[in-house]
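Next up: a single chain in structure tokens, the form predicted on its own.
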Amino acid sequence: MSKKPIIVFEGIEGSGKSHHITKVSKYLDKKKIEYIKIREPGGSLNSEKIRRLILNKKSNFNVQTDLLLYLASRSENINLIKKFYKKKIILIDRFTDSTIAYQHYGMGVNLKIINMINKFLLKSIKVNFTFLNVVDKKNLIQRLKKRKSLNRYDKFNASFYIKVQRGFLKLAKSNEKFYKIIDSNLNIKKNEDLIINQVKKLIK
């Protein structure tokens, strides 16, 4: 395992992934360990422009356009990732598994096309470890209701998110060694400690 790994935080809306990546960032800051943090869509200047387009509540793209916009956002981040690959810890809030979970399992886009373009973009870049945050339907609905502003991807019905989450779990099961599933229905402090302890193992 690289001591400067790529660590990805995955999960559906309301699963707590963004909270946990923030906690890990603060831990690394405290320890004065160098890292970069990006999000998808977004991360770099051009990717953030694409993010605003994708998530705009007035946008109404078909599923193929959605896929290509997400991959275009990733394409804009690749040079940033390449620059720091194996030189700094790279924390990513959503990455390739999100594309598969949402666009394939959620929206039915052909998996071969997604895998082919991801392979073309990433080439030799590999994710070292993924934290998959899962949430039950009740907590999902409650957490989305508490959000002050909702983007386009916050407004699907609960059954869509559950279908996407099942897709994430299939991906985790197929590669268990490099995944840790975080049950975000449980005590948040215990989950924070669990994640930080795993990060310590990854970077020691």
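From 1 onward, residues are counted along the sequence shown. Since the model is a prediction, treat every value here as computed from it, not as a measurement.
If you look for the form predicted together with a small molecule, you will not find it shown, but the lines that follow are about it.
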(request) Could you check which residue among R143, K163, K37, R51 gets a heavy atom within 4.5 Å of the small molecule in the predicted bound form? (result) R51
(message) I need to confirm a contact call. Of L171, A158, L28, L55, which residue comes within 4.5 Å of the small molecule in the predicted bound form, counting heavy atoms only?
(response) L55
(request) Using heavy atoms and a 4.5 Å cut-off, decide whether R74, T99 and Y153 all contact the small molecule in the predicted bound form. (result) yes
(message) Since only the chain is shown here, I'm wondering whether Q103 would be in contact with the small molecule in the predicted bound form (any heavy atom pair within 4.5 Å).
(response) yes
(message) Residue-level question: is P41 within 4.5 Å of the small molecule in the predicted bound form, judged on heavy atoms?
(response) yes
(request) Report whether the minimum heavy atom distance between Y179 and the small molecule in the predicted bound form is within 4.5 Å. (result) no
(message) Given that the small molecule is not shown alongside this chain, does D183 nevertheless sit within 4.5 Å of it in the predicted bound form, heavy atom to heavy atom?
(response) no
